[in-house]
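There is one chain below, alone, in structure tokens, taken in the form predicted alone.
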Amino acid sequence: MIQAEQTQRPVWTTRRLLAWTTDHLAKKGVEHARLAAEMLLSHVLGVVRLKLYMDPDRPASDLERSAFRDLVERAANHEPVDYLVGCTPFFSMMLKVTPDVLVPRPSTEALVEHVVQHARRTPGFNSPLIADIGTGSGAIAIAVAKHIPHCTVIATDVSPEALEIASENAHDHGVADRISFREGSLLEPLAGERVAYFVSNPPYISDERWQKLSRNVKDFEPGGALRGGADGLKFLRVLIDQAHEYLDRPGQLVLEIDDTQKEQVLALAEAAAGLSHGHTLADHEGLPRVLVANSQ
């Protein structure tokens, strides 16, 4: 009796899925392909990324493979992985993100770190009122609220959808009672206020730089939160010029900028009424990404 030879289906373990997906995404030009693969698979399996390496030979079910396959193909088309999994890390927190808000970047952590450390070490700043203009996901507002226990924050945005996400993030991190979310364009929601810190990560990408951005940014993230006009300074000019009208004395203006804009924003701060000691701070890559100026 001749036994028919059976073809055995390959077992798609965690190890094998990560290896195949990393290679596939790398060939498609996706940045940080291994990290993307880990984020997608841990999301589908409902585990933290570390768990993937604690049980690398775990076989995936057909349902898990199907869900994972769909997400991988969207990532291969350069859709941001943070949007696909619905969250992103920022300043030791996990924040909800959707295409209605920018994905917070590590460079913005330099702004938060400065404000937190300045408030801790500077007399008169231990219980500050902070304005965060264009809050988006609420990353800056929530981070400073968590790390400056006695502060209160006014977080503004022109987008009601963004404010809804920011409010959800604030509730998730237990600081919603100290953040006032206000809808409006630029400085309108601050009418009549005086704050110790005037902070913002405004749109600052120039038209020229916009053309060179990667697909995952240009095609999927909200352009209105990124584009700052022909030279990228459209909104920075307004914020720098009018900051003194809303700053306490003492107070600080703290803005994220593009690393190519250092000289221009320093000149704007030098010429602005009510500001002094303008300087820039480096981000995690050593690039000048944060403008700081004192009120006078």
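These numbers were taken from a predicted model, which means no experiment stands behind them. So that there is no doubt, residue numbering starts at 1 and follows the sequence shown.
Just so it is clear, the following notes concern the form predicted together with a small molecule, a form of the same protein that is not shown.
A residue is said to contact a partner when one of its heavy atoms sits within 4.5 Å of a partner heavy atom; C151 fails this definition for the small molecule in the predicted complex, lying far away. Remark: G136 counts among the residues lining the small molecule in the predicted complex, judged by a heavy atom distance of 4.5 Å or less. Using a 4.5 Å cutoff between non-hydrogen atoms, I140 counts as a contact of the small molecule in the predicted complex. Proximity of P80 to the small molecule in the predicted complex falls outside the 4.5 Å heavy atom cutoff. Picking from 169 to 177, 142 to 150, 221 to 229, 121 to 129 the stretch near the small molecule in the predicted complex, with a 4.5 Å limit on heavy atoms, gives 221 to 229. Contact with the small molecule in the predicted complex, defined as a heavy atom within 4.5 Å, holds for exactly one of S159, S206, T98, N216, namely S159. Contact with the small molecule in the predicted complex holds for none of V115, Y197 and L236, as no heavy atom of theirs lies within 4.5 Å.
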